[in-house]
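The chain below stands alone and is given as structure tokens, in the form predicted alone.
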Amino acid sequence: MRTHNSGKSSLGALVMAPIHFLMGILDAPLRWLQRATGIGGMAAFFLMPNMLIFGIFVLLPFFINFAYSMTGGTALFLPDRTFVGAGQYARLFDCRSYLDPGSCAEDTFWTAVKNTAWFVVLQVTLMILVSLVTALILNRDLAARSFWRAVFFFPVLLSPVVVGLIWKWILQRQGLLNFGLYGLGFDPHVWLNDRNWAFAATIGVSIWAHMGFYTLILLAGLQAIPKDLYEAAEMDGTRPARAFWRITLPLLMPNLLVVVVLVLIRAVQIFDEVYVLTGGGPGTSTLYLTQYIYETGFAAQLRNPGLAAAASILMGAVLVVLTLLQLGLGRSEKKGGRK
């Protein structure tokens, strides 16, 4: 036993030796930097790698994208493009009636905006409701509770392309759903060629694919609520529904706000599984804003990177505004609760 322990300690010392040597080399420069810049300078020094990565992969692409939105033509490289100022934005907003996409110069853009708006309203509402109900159920004392939690979280681990292919196999004309309906005596239906069913399918598939993640966030919030509050409410004869509205929902609000923001951002940016599942069809019934940006900038025969960049800037601005509004509402509710 002693020989075994001494062998492990010697192996640990051998592994740690290079680390101690490296730390010894860095110790003197770091001490000098701390004396020269103080604690604030050291904080900036350790933040610099993250800020550098953020600047290269977030800020720089944003400014390049904004520069593209001020140019026109089909050339891909920025120096070869023509400066048009706000012409691309004016083209996007050139409409007689914004409620009628057919009256717009870029009717496909406004069709995508309309589809995305409906998708966001329905998907975000249903996603939050389904995730909340699922979290409440999984928070109860169920048999094999860990198993059911894993089952609901499993789709989150799948690639969006895999999700789209699975449901395309289920919903296509000779797919699993029609096979089951035929076995029950019903006529098969071409689900993905029906505008209404295809739109509903994109909502249902996105909820199935991502609800596990949001359920996990809400479940963590539910488990953080002290059990004493429910016991006191039960002793006072409070009904379960009233306990939910008076105890569970207010204390779950911070987690719920995070879920709303994340679900909203994800819904506006929906692309992968829908592109694989329907390709934006039939017609333009499931054409969403991100797919419009992709096809305009990269997939169309006459590419227009400037128009695609302008549309992406507008989408980002809308996301920022909506997120700030939600955070502002959350803070005002928190202040109102304190009062």
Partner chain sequence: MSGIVRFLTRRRGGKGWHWTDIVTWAWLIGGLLVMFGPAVWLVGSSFKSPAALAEFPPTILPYVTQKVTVEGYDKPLDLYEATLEDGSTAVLAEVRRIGVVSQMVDPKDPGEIVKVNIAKRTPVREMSFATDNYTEPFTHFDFVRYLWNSVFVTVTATLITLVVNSMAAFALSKYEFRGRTMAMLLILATLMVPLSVIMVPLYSIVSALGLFNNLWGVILPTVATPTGVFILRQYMLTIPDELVDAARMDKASEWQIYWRIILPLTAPALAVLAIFSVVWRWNDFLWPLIVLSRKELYTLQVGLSIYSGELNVQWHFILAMTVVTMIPVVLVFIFLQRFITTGIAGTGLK
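For clarity, a rigid core is taken as the largest C-alpha set superposing within 1.5 Å between two forms. None of the values given here were measured: they were computed from a predicted structure. Residue numbers count along the first chain shown, from 1.
What comes next is about the form predicted together with its partner chain, which does not appear here.
- For the chain shown alone, Ser97 is not a contact residue for its partner chain in the model of the complex, no non-hydrogen atom being within 4.5 angstroms.
- For Asn50, a non-hydrogen atom is located within 4.5 Å of its partner chain in the model of the complex, even though that partner is not displayed.
- Contact check for Gly316: a heavy atom falls within 4.5 Å of its partner chain in the model of the complex.
- Using a 4.5 angstroms threshold between heavy atoms, Pro61 counts as touching its partner chain in the model of the complex.
- For the options Thr238, Ser103, Gln174, Asn193, the one in contact with its partner chain in the model of the complex, meaning a heavy atom within 4.5 Å, is Gln174.
- Across the options 165-173, 85-93, 246-254, 113-121, residues that bring heavy atoms within 4.5 Å of its partner chain in the model of the complex belong to 165-173.
- Shown here without its partner chain, the chain has no residue in 221-237 lying with a heavy atom within 4.5 Å of that partner in the model of the complex.
- Residue displacement note: Ala300 has its CA displaced by under 2 Å between the shown form and the other one (rigid core superposed).
- Superposition on the rigid core between the shown form and the other one places the CA atom of Leu184 2 Å or more away from its counterpart.
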